[in-house]
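Below you will find one chain, with nothing else, as structure tokens; this is the form predicted alone, and questions on how it binds or moves follow later.
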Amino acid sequence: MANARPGLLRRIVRHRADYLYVAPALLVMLLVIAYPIYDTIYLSFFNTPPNLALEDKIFIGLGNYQRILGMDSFHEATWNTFVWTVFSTLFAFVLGFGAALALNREFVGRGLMRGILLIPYVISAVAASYIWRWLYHSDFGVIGAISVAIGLTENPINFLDSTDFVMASLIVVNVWKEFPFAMIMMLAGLQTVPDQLLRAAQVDGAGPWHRFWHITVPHLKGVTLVTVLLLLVANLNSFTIPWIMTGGGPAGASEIWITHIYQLAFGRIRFGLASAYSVILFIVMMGMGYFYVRALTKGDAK
């Protein structure tokens, strides 16, 4: 250990000019990332009642964490978050992978089709949320009107006002918004599959399914893992669509961790409780980040 420190110091001194170049960026990161994280963790150990100023906060140690873990609303939000994250990721990946397989083949109008399928991804999440909110509207929504017109239902379906349908309805919107990302990632991966291997396997008599399963899929393991992890992180931290479309309702049926934190912080003015909640979410996100970095650096000797 003693020998390692002089070596580290020598490297720092030798590359001091490099560190000076990145110092402004490091300083900005400390201000906009490191300090808010530290302040959130610090605040999570204090009780901040709405009737007290933030400067008059009361130290309670792990009290906020104990209270959160014992809240029924936390357990409901945890289950909703699990359903939202897993099914949004699964369907977005499957739909994106299917679109990538279709677009990887040569056909007339492929470029135009790629552009059309990218539209949901480039549309603002706020604009998309309001558009789908009107499409789902129980009285004036297009989807409900079409279902009644073609005889599927007698009355328009309450997509967002029903505790039975609200989460599924939000997942549909989220999948529609995110599947182009999975499509882009998987399409890029498909274009790296060696053509020579596919042709050689075809010459040897391998059918389309065997070529896909034994050649294409193994070459896509890396990009598949990275894509799924990125989708999981994005969905776990997704706020715009659930908040704008339902605000966590009805009766908390679409409340997920991130919207619950927002409600605690800015609805009930319980910043200490919300900070502890945020730390729990941060730990889960860091765990996913660890696996993401492992996936990116797999096979790297360093």
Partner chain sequence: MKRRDPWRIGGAVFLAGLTIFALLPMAWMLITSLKTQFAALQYPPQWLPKNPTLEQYSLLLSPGNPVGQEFLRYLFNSLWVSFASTVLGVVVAVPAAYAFSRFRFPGRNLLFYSVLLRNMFPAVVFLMPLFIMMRWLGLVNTQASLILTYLTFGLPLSIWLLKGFYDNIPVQLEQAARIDGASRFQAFILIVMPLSSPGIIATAIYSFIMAWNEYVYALTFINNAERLTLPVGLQRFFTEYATNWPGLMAASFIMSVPVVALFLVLQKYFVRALTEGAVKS
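Remember, it's a predicted structure, so these values are computed and weren't measured experimentally. Numbering follows the first chain given and starts at 1.
Below, we turn to the form predicted together with the partner chain, even though it does not appear here.
Contact check for residue 83: every heavy atom lies farther than 4.5 Å from the partner chain in the model of the complex. A residue is said to contact a partner when one of its heavy atoms sits within 4.5 Å of a partner heavy atom; residue 271 meets this definition for the partner chain in the model of the complex.
Heavy atoms of residue 65 never reach within 4.5 Å of the partner chain in the model of the complex, leaving it off the interface. For residue 121, a non-hydrogen atom is located within 4.5 Å of the partner chain in the model of the complex, even though that partner is not displayed. Among 201, 71, 90, 148, the residue placing a heavy atom within 4.5 Å of the partner chain in the model of the complex is 148. Against the partner chain in the model of the complex, the set 28, 135 and 278 is in full contact: each member has a heavy atom within 4.5 Å. Residues 258, 261, 262, 265, 266, 271, 274, 275, 278, 281, 282, 285 of 255-285 are found to place at least one heavy atom within 4.5 Å of the partner chain in the model of the complex.
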